[in-house]
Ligand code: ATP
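The chain below stands alone, shown as structure tokens; this is the form predicted on its own.
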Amino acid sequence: MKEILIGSGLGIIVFLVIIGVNVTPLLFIVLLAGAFYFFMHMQNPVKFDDASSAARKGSQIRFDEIGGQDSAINELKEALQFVLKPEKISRMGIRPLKGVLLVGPPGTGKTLMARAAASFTSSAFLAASGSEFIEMYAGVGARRVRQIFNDARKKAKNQQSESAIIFIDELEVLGARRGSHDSHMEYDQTLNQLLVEMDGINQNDNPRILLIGATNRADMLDPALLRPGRFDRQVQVGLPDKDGREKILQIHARNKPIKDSIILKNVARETFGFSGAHLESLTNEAAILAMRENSEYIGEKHFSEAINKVMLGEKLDRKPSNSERERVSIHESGHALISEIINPGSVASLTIIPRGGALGFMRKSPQDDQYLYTRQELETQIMISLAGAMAEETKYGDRSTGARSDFKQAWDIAKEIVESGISALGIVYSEAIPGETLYEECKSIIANLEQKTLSILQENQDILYSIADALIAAETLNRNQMVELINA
């Protein structure tokens, strides 16, 4: 219909021009009407996400379906009590919370926790991203803030619910510090409206409103958002520990034919630093690899390959030359040998198959999650980082550019030793250390460990070369294969 009307209008204008009618005023009116229509169209209300239809279909998220966040879930449940037990809260004289801020890295389950909170409290649920409130037109963002609060109240009444939860993801876009945007004041107006709406939340309201925000940049938020009476509580949603990772893997493996349940425990141990999103992707990739091989079950080799893929990316088509493959194999063998000698059981696998930007890779297998380190443990990490270049020097008498990222890692660790007050400089204030002093101390730490690493490799030169030869032949060595070579 729209195309017919546009075509008919153009035809009439052309006809009027042909018969000699001055169409300039008509064209001006048409353009004015078009501009008005475009502006009004840009200001149409945003359709905020409504989880109620999904909930009626039985796809609600429950807290017991979220792994690795027991502490955060318990803290959030406590904050939800004013929604569940308003009479008790009022009798105890407790001021109900208006907002809960979920803070943590991407992929840790902040959105899932917000949806589970709506399910836990039987509340109407509306979700939006902070970017949905920001527009180039003044006043649009503020109007959308008012709209989502009004929509939440209407939705709760339609569902005959006594409460509603509004979830705003990427809150730092909407709630950044006022004055940080120099281009225009639309950001500040939008934030001001959010503050006004939060101040208007009352414990006697029907329905009761709870605002849940999520961000991985809490440092960017305006202090007015974080003061008591608005976002009263911050819930840290961090990366899961080993037990949490195992629970997450079990959740995502429920509908997958895993060959042996012990595999998930091993995978959880080898995936330190993985978020819930990484682990979901890992189980999915392992299933794809098993299907590609027409395997009935997902085995350990599929998970091992999936970990490499999630960490580094897909295998590359490019093939290094034979001389490059030999150098990469000796480089990675150096990493693995030093790691196993200094810290037995620390290597999971070794490969010279190019992935992402790496021509080879040694994947570590930590026994336990670790958050604090002694100087000796940090020096061990530096030696492992330097071992690749030292292995090249042992065999070829020189080094290659492949050690560039290893050297950067070693320097960063040396800098951490100094700034942690466990170097020869003693206790220091990092910002007060002269640049030359920091440079010389880091250089001294690395130089000493460089000689120590080179000495160990030269003493175990035969083992180094045998691992490298096996790696060239097989391209990938698992832990058992490497240990056999070391103990041979």
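Just so we're clear, the structure is a prediction, and the values are computed from it rather than from any experiment. Numbers for residues come from their place in the sequence shown, where the first is 1.
The protein also exists as the form predicted together with the named molecule; that form is not presented, and the subsequent description refers to it.
If you check the named molecule in the model of the complex, you find no heavy atom from any of 331, 333 and 486 within 4.5 Å. Proximity to the named molecule in the model of the complex, defined as a heavy atom within 4.5 Å, singles out one entry of 105, 366, 299, 86, which is 105. Exactly one listed residue, out of 175, 360, 388, 276, brings a non-hydrogen atom to within 4.5 Å of the named molecule in the model of the complex: 276. The closest heavy atom approach of residue 109 to the named molecule in the model of the complex falls within 4.5 Å. Taking the partner from the other structure, the named molecule in the model of the complex has a heavy atom within 4.5 Å of a heavy atom of residue 248. Heavy atoms of residue 450 never reach within 4.5 Å of the named molecule in the model of the complex, leaving it off the interface. Shown alone here, residue 169 lies within 4.5 Å of the named molecule in the model of the complex, counting heavy atoms only. Heavy atoms within 4.5 Å of the named molecule in the model of the complex belong, among the stretches 277 to 285, 391 to 399, 147 to 155, 347 to 355, to residues of 277 to 285. With contact defined as any non-hydrogen atom lying within 4.5 angstroms of the named molecule in the model of the complex, 69 is the only contacting residue in 69 to 97.
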